[in-house]
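In structure tokens, the next block holds one chain alone, the form predicted alone.
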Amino acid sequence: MTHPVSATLDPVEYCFERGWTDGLPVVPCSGAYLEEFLARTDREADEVVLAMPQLNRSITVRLAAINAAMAGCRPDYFPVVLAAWDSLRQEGYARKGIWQSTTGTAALLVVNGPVRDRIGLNSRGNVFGPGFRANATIGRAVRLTALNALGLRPGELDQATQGTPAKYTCCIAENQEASPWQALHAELGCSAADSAVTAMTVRSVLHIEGRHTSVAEQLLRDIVDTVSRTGALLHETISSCVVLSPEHAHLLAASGWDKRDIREFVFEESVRSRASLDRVGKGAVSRKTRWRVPIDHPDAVIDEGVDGDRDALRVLTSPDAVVVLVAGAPNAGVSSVVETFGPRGSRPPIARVEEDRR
């Protein structure tokens, strides 16, 4: 559908009046500009990239392109946007209605490969912050599409209690050049020459202040304490993405640690005592939902402990519930724990970026 706009009417205000924005100004998308986006892919414009059957709504390549343009993307960003939708579709949470929930989740997009340099994606300083068009607009394109194509507007189909700033945009590139290890996309089965997007449904990004130590185990236990915090435990178990700064990554690598070692350590050490969970009313799980509940809850069952110890509770299902990557500047001992949604027991899905057709 086209919307003719009077020459005297501000097109930005026109979009605001019709509720087509995320609260920030958008770029009106003409038919000619839309064609520039569609020319970057071999996919049919009506191909569905993600459907929400419970809403009887879906996102097509055309709708994804329109909203990418409105979000401020350049046409050459569009293959990355489509790969993001591919990964989100494979992950499955968005299709199950999690984006509508009170938890207030968002999409984290991690980009690897040559496309990072080709379109100017930031992987270094202020990687979770503003200042880089590709990061800001690719992440924004996902949320704007959810608003306009799926109708996930706050207070309507989006029932988030507080939400997260990541709902505006959350797209980073891995700092492969500063990492001592294999890049995430290669670790997940892609060629090092591929470009790819790994999408994860997330709840929050938590700061780790780790300038105080050069002992690998001390740093990792600081990270574990954040991963396993009681406030993170909605379900019986959780999952996490550890985003290490280059300084922390090289500290660990110099001590002989690789990504697999880190995942296994975080898994093994992310244990809470039942007493610590009892103190916050999470000492049991519901037999129906497997959500954490007080031990006197009508549906409460006492979950199994670690190696027969019923007073020690593991909060991760397996080492694969932890993703490890490197991003940020090599200027301080600062890292992050991204709380990903759900008790993931396998590696996150990854989608290759289609080669640019121009």
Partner chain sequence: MPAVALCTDAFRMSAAAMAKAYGFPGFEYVVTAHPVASLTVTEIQGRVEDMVPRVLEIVGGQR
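Positions refer to the first chain, counted from 1. All of these numbers come straight from a predicted model, not from anything done at the bench.
We do not show the form predicted together with its partner chain, though everything after this point is about it.
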Checklist entry - Which listed residue (L147, L157, L219, V285) meets the criterion of a heavy atom within 4.5 Å of its partner chain in the predicted complex? => result L157
Item to check | Position in contact with its partner chain when the complex is considered in the predicted complex, options N126, S276, T102, Q90, heavy atoms within 4.5 Å | outcome: T102
Checklist outcome for this item: With a 4.5 Å heavy atom cut-off to its partner chain in the predicted complex, the contacting stretch among 187 to 195, 111 to 119, 157 to 165, 268 to 276 is 157 to 165
Item to check | Non-hydrogen atom contact L55 with its partner chain in the predicted complex at 4.5 angstroms | outcome: yes
Next on the checklist: Residue-level question: is P298 within 4.5 Å of its partner chain in the predicted complex, judged on heavy atoms?
Outcome noted: yes
